[in-house]
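This document starts with one chain, in the form predicted alone, laid out as structure tokens.
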């Protein structure tokens, strides 16, 4: 276990170094969420529309950034860097876990930037709830990032497959979670599908926590959904990495 933790720390540092050297990659993944924030928020009714909309945009930035991160592994496989990592003494699970944990850092940076941008326009920050919300979102990021790396491993020599699957799943997950528009008044089939989307519960939890409502059913459901996503992603990702060649 000590060796696994040490190896994970090595991989985490290796993956985080390019982000620190080139922070533009974090900003680039926020372009779409910021556009949605600028174009959709003014259309929402009510003075507290930002309190409802901003947490969803934070989750959106996590979805966009973490789901695309497997492309980095695709590039490493194309250049032979991944194969060289496989023959090092590093444990195979650490190669996946360290990469997945790295996703927490860009997520926190993006969330902080979005909140800072929105505060002058009337967004009210409840710091305690926001911190708890980021902890939940960290679990979601780890699971989503691990699944993205798994998809990259499955798409070896087929880059088109990675982007096809990623883009096909991206917007259904986004829309069924009610990030841009509430689906409470939507048709029954739409509401039923949203219940099977783990992102729905994460978004609801973020909205409650960012508004200062900590002890709610939505928060508990968000914790369960994020933890389940993290466990599923790491389980599938570690198995895929162990079988990688």
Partner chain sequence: MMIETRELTKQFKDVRAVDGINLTVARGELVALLGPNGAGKSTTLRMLTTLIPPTAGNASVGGFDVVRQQREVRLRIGYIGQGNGAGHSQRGRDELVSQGRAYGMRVRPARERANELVDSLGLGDVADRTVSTLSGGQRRRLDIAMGLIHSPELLFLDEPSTGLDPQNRANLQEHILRLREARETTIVLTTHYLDEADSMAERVIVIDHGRIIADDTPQRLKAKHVGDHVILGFTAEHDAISAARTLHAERHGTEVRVTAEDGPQQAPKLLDDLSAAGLAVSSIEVTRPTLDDVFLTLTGRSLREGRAEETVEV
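Since the structure is predicted, the reported quantities are computational estimates derived from the model, not experimental observations. Residue numbers count along the first chain shown, from 1.
The protein also exists as the form predicted together with its partner chain; that form is not presented, and the subsequent description refers to it.
- Per the 4.5 Å heavy atom criterion, its partner chain in the predicted bound form is contacted by stretch 90 to 98, the sole one of 90 to 98, 106 to 114, 120 to 128, 171 to 179.
- In the predicted bound form, residue 159 stays away from its partner chain, with no heavy atom inside 4.5 Å.
- The closest heavy atom approach of residue 79 to its partner chain in the predicted bound form falls within 4.5 Å.
- Contact check for residue 10: a heavy atom falls within 4.5 Å of its partner chain in the predicted bound form.
- Taking non-hydrogen atoms only, residue 154 never approaches its partner chain to within 4.5 angstroms in the predicted bound form.
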